[in-house]
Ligand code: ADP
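First comes one chain, alone, set out as structure tokens in the form predicted alone.
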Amino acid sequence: MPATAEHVWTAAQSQLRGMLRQDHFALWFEPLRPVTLDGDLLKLQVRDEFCAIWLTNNYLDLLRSAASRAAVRPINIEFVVGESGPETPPTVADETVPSRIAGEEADPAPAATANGAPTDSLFNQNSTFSSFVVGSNNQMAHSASLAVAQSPGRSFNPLFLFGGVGLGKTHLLNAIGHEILGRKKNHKVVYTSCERFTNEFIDALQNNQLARFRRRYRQVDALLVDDIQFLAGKERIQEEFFHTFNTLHEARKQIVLSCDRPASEIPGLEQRLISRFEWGMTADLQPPDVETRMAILRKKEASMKIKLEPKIIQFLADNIRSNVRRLEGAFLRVASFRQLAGRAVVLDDVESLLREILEEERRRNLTIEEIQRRVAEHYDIRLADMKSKRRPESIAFPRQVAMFISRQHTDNSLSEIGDAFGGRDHGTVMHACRAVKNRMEVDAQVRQTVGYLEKQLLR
């Protein structure tokens, strides 16, 4: 007998209750109600639009995974606001979905395929061109993505997007998929991660289904692959992807790839793949400037119908600079607090809510040069002394303090720190860090001075 929405959700809730803090579970997951289970789509009722957005952005993968384990097959989740009612009778689709071995972990998010199986619903519904905020940091990538989506296989092929975490690469891949399907209903579009491509290839080899795997990826109109850097060092997978790429490119089918770095900087990637990835258009995405960050936050306010005080928006834009994902996550946390507290948010609230994020942002933005300048000013020595070979105690110890703080509060390697201090080797930096740490353990004044400098630098 096919599982019902009630059965699947009850079992999923049981899993979630054991994974989450009780107060968190009670706030976000206990109020959810199952509406229908239609094939592989479970609809859950939420109390308002804010909850739907919050759960989609923060817990959709977790919910999919729990529901898939409960149903013993891949399940997708859709949220509905104020739409409750009895579950519809099971459809034939419920019975025809291949079952999985009991206890085997279901894969909650297969590669999104349109005009194949499954459907376009697996593209992120919030990641469209209309919801993408364009700024000087991503204008080229946006324009190229839009051109590709409007004329797949003609404008730039392949399109290679690269940039750091949370800057919008995956958003643009989803937007391209949406746009192609909106214009060409009969097109077959596949969106997948490189890791998933790899795992499916291994499964196909083990189960003698290689021909089926190749049809899946080589008989499409557009192939969108996220995190292509996962190919690094995998010779057999690179061989397979090389032939998939060639087949699609020769047929003038669109290929879009995303990566965390330029193709030439992917370690262990064959030169023939590097050259092919650079055949078309390469566009990078940089961290957004303050104007773009403000625009992102205002768009988020409009989409969630939540208004924060202007000084709060300005504070978030000024202090969260590294990527869009972190900026939106901070906004959601503050908006959630405002919704639950039922009052205006003040800066003290924000600093308390986002303490860890703000500390990490300050650490990311701190440079060795800034540390050298602040330490030199405090000890009243020349900035040039930080890089000089002079070794009197009045210079050597402040230099060691600057090295210690650089090691503690930047992501630079020992070698990079040594280079910034006049070309010293990593052993010298390690010795400096040990010397300062030892002095701090026995000398309260040194400990207080280093603590003061760290506090000033991380303000």
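Just so we're clear, the structure is a prediction, and the values are computed from it rather than from any experiment. Just so we're on the same page, rigid core means the largest C-alpha set that superposes within 1.5 Å between forms. Numbering starts at 1 and runs along the sequence shown.
The following text describes the form predicted together with the named molecule, which does not appear among the structures shown.
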Can any non-hydrogen atom of P262 be found within 4.5 angstroms of the named molecule in the model of the complex? no
Is S131 close enough to the named molecule in the model of the complex to count, meaning some heavy atom within 4.5 Å? yes
Quick one: is E361 in contact with the named molecule in the model of the complex, heavy atoms, 4.5 Å cut-off? no
With the partner left out of view, is V190 within 4.5 angstroms of the named molecule in the model of the complex by any non-hydrogen atom? no
Would you kindly say which of T170, Q238, S322, T198 lies with a heavy atom within 4.5 Å of the named molecule in the model of the complex? T170
Using heavy atoms only and a 4.5 Å cut-off, determine which of D385, E78, D349, E328 is in contact with the named molecule in the model of the complex. E328
For the interface check, one of 275 to 283, 133 to 141, 202 to 210, 336 to 344 should have non-hydrogen atoms within 4.5 Å of the named molecule in the model of the complex; which one? 133 to 141
Does E30 count as moved between the shown form and the other one, where moved means a C-alpha shift of 2 angstroms or more after fitting the rigid core? no
Thinking of the 3 angstroms or more shift, are the C-alphas of F129 and T56 brought closer or pushed farther apart in the model of the complex than in this view? farther
Knowing the Cα distance between T56 and L181 changes 3 Å or more in the model of the complex, does it shrink or grow relative to here? farther
